[in-house]
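What follows is one chain in structure tokens, specifically the form predicted on its own.
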């Protein structure tokens, strides 16, 4: 299982960068060491927060520099540098914001989604449309239309997006938003994107129905495309979302299993939608299975990296930046990448992980341990590895502004701050 999700062997003391070791569980005087360590952690908490935020900023600068200087070899059609496109793209055009390129095909995105949700019941319509206010990042629709154009150009040099491919972008955003509505109910969340959640305003029962309505509207839009392969690809996403949520409700005692569990959950809850949406538009635009796999692998790797950085930002950003409370994962009992890496240096965190940070003081102590460790840096380096893999995959396609924009988007995933 671990080999499916973990790109290198995971064991205590073996990680992306060598981590400083704390005494092992059988070390002499372990019990005596814990009390002064806990006191030291508490005393350094404020300094650790500032240092972690500063080191994260410095890390982002160094990663950006390193990412621009990586080179890779395409194994499909072209031999090109894969990540030197940030001032000049690989196809020779000047840098253009990927979101600016993508929005050419997404004008009226949220208006079109609201048309899909048109119903006679005013309250249900208001709840369903609540998050389609144009204030989200639209990260998934942007990736989908860029991938559509990149695949179309690769296959036939066609420089337009088919109506069915654009519909996938809408469907992806609708599935994503429905999952957020349902997640907020499960997590009893009160804020999302800088405003109250649906369940906070209308209550849990009505919020469940709003999420269901969005999913049903997405399913109807998907059926209209009329391609059974594409329908099968995107219905897999809904299954993965459910399975991912179940994985999140559980935990593993063994460290190897724990990290594999975390990465599988990350794929199912976040990356599956991006990967399968990319694959769907490639199927609609190109008959070559090799291209379908390129699109899927790009989406999978960018999606995992996106969530890894999201987990980092839960420790390094403030609530105003994120539009939702930070340290939320610890409060929900979740051990994300920074926590699992920190556990290498502070083995006493194992007990807290297994009880899902449920004892008094667990959340504060775990936060302090993470900020004193290199868990944030380790998780960021892991995200960089996934982004590098994504760039390697998409670079196999024929050069185009859209392909280059997808490469640029990989850097943006790594360096975002919200």
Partner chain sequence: MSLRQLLLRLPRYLGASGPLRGPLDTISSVISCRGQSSRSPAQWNQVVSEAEKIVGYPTSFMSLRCLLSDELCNIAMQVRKLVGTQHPLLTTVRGLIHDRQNNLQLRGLVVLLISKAAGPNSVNASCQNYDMVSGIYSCQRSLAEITELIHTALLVHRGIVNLNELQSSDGPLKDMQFGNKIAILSGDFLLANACNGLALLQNTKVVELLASALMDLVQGVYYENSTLAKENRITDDIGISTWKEQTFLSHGALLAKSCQAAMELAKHDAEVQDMAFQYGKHMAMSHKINSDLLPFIKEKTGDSLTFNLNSAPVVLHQEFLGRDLWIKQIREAQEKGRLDYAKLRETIKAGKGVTSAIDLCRYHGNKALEALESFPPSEARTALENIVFAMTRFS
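Remember, it's a predicted structure, so these values are computed and weren't measured experimentally. Residue numbers count along the first chain shown, from 1.
Omitted here: the form predicted together with the partner chain. The next part is about that form.
So the partner chain isn't shown here. In the predicted complex, which residue out of 97, 111, 212, 257 has a non-hydrogen atom within 4.5 Å of it? It is 212 that has a heavy atom within 4.5 Å of the partner.
Could you check which residue among 195, 224, 159, 135 gets a heavy atom within 4.5 Å of the partner chain in the predicted complex? None of the others qualify; the residue that does is 224.
Each of 239, 242 and 245 within 4.5 Å of the partner chain in the predicted complex, by any heavy atom, yes or no? Yes: each residue has a heavy atom within 4.5 Å of the partner.
Hey, of 165-173, 204-212, 275-283, 302-310, which bit sits against the partner chain in the predicted complex at 4.5 Å between non-hydrogen atoms? Stretch with heavy atoms near the partner: 204-212.
Could you tell me if residue 101 has a non-hydrogen atom within 4.5 Å of the partner chain in the predicted complex? Although the partner chain is absent here, residue 101 would stay clear of it in the predicted complex, with no heavy atoms inside 4.5 Å.
Whether residue 317 contacts the partner chain in the predicted complex should be assessed with a 4.5 Å heavy atom distance threshold; does it? Looking in the predicted complex, residue contacts with the partner chain do not include residue 317, since no heavy atom lies within 4.5 Å.
Is it the case that residue 290, even though its partner is missing from this view, gets within 4.5 Å of the partner chain in the predicted complex, heavy atoms only? No - in the predicted complex, heavy atoms of residue 290 and the partner chain never come within 4.5 Å of each other.
Within 4.5 Å, heavy atoms only: does residue 129 come near the partner chain in the predicted complex? No - in the predicted complex, heavy atoms of residue 129 and the partner chain never come within 4.5 Å of each other.
Pull the contact list for 173-204: residues with a heavy atom within 4.5 Å of the partner chain in the predicted complex, in sequence order. Result: 182, 185, 186, 188, 203, 204.
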